[in-house]
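Have a look below at one chain only, the form predicted on its own, in structure tokens format.
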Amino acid sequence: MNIPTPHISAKAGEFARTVLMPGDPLRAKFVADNYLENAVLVNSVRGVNGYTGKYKGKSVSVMASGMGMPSMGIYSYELFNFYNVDNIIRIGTAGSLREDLKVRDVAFAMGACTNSSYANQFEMPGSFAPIASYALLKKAVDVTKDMGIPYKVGNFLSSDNFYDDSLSTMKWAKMGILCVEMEAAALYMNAARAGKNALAVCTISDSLVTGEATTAEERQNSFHNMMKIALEIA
């Protein structure tokens, strides 16, 4: 496929080698407006604005993935395979499945379990285990330690369901899953297939254990620690 793609209008070379991907287009704009120097709009298809600018002298891009694995699957695939992006860092939100992982805490997805059929396309003779890039994960842990920010590393659940009619989500906690979100597994699978690097860095926006939750405005405009960590490793 040539570029522009059906979902991204950028020209060749307009994306940096590292792209930060929040789910929310407004969070992408917030990062561009508040952290990047000389940010330029490079994509606006379907209102999923993408920007490229400088952070501490290095070129970095930020663009939303939208919600869910099908949306993340499209955007990450096109960035990895058509725009020569090497690294995608998801900066998203997740719901905690543990008492010791509290609202506004930061967590890194070493792996991403899923109830999705996304992996079926690869026709593997078994179950594929989506995992993060170790290089990105190690950098993230080192940077977070240096910044003095509390964090946890572990397994996430990437779910196709936000509203779970079977109420099965908490069963994953018995297997040590830290939290639930909706994109990391697809991102990790696309990175593996393309031979690229991916990491999901999430801020806990709500707790399925305590019921505590943040507002939509907080999720859009705050969670600065997660953004700073991602930018530093970029």
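The numbering used is simple: start at 1 and walk along the sequence shown. Every value quoted in this text rests on a predicted model; they were computed, and no experiment measured them.
What comes next is about the form predicted together with a small molecule, which is not displayed.
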*May I ask you to state whether Thr93 is within 4.5 Å of the small molecule in the model of the complex, using heavy atom distances?*
yes
*Is Ala186 close to the small molecule in the model of the complex, meaning a heavy atom pair under 4.5 Å apart or at it?*
no
*Give a yes/no on whether Ala32 approaches the small molecule to within 4.5 Å in the model of the complex, heavy atoms considered.*
no
*asked:* Please determine whether Leu178 contacts the small molecule in the model of the complex, using a 4.5 Å cut-off between heavy atoms.
replied: no
_Single option in Asn197, Asn43, Thr52, Ser205 placed near the small molecule in the model of the complex, where near means a heavy atom within 4.5 Å_ = Ser205
_Counting any heavy atom within 4.5 Å as contact, can you tell me which stretch out of 23-31, 56-64, 178-186, 43-51 lines the small molecule in the model of the complex?_
178-186
